[in-house]
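One chain comes next, on its own, written as structure tokens: the form predicted on its own.
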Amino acid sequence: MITFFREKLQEKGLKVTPQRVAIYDAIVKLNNHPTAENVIEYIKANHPNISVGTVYKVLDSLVENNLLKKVKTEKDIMRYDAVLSNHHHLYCAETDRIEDYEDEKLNAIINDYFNANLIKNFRVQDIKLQITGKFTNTIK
């Protein structure tokens, strides 16, 4: 995953810095759509030489360059996602937990619907569902 990230940085014309790699690695290792604060806690514990300001700047830069995606919860908390492939999210409103959800059949239904039902003066580029509910298992 880190090799892929290094290649993507270079493709975007961005320098491969230890800070960028460490912050991306934190998001991947946390594996739970972390908030900036979650990333900062991880960085402080594992890379204490990286400042809080650097974490925010790197996160913004990675989002601007489509190397990370932002995921907003119903509580307006911004989370980060390193998975760039087309997927949806299951969101537990009770615990704020987010899990990736992939379903090719659902994607086909959505795409077919919008291909048959164009929206006037609007071109659909991407569709991401956030399915809100409650996880019935507490183990994660």
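Throughout, we count residues from 1 along the sequence that is shown. As the structure is a computational prediction, the values presented were derived from the model and not from experiment.
The next section is about a form of this same protein that is not shown, the form predicted in complex with the DNA.
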property: 4.5 angstroms heavy atom contact with the DNA in the predicted complex for Leu14; result: yes
property: 4.5 Å heavy atom contact, Lys29 and the DNA in the predicted complex; result: no
property: Tyr56 within 4.5 Å of the DNA in the predicted complex, heavy atoms; result: yes
property: is_contact(Ala93, the DNA) in the predicted complex, heavy atom dist at most 4.5 Å; result: no
property: One residue of Met78, Val63, Ile110, Val83 in contact with the DNA, assessed in the predicted complex (non-hydrogen atom, 4.5 angstroms); result: Met78
property: Of Leu68, Ile98, Val71, Ala36, the one that lies within 4.5 Å of the DNA in the predicted complex (heavy atoms); result: Ala36
property: Segment that reaches the DNA in the predicted complex - one of 98-106, 85-93, 111-119, 47-55, heavy atoms within 4.5 Å; result: 47-55
property: Within 93-121, the residues that have a heavy atom no more than 4.5 Å from the DNA in the predicted complex; result: none
property: Relative Cα spacing, Asp76 and Ile110, in the predicted complex - shift of 3 Å or more; result: farther
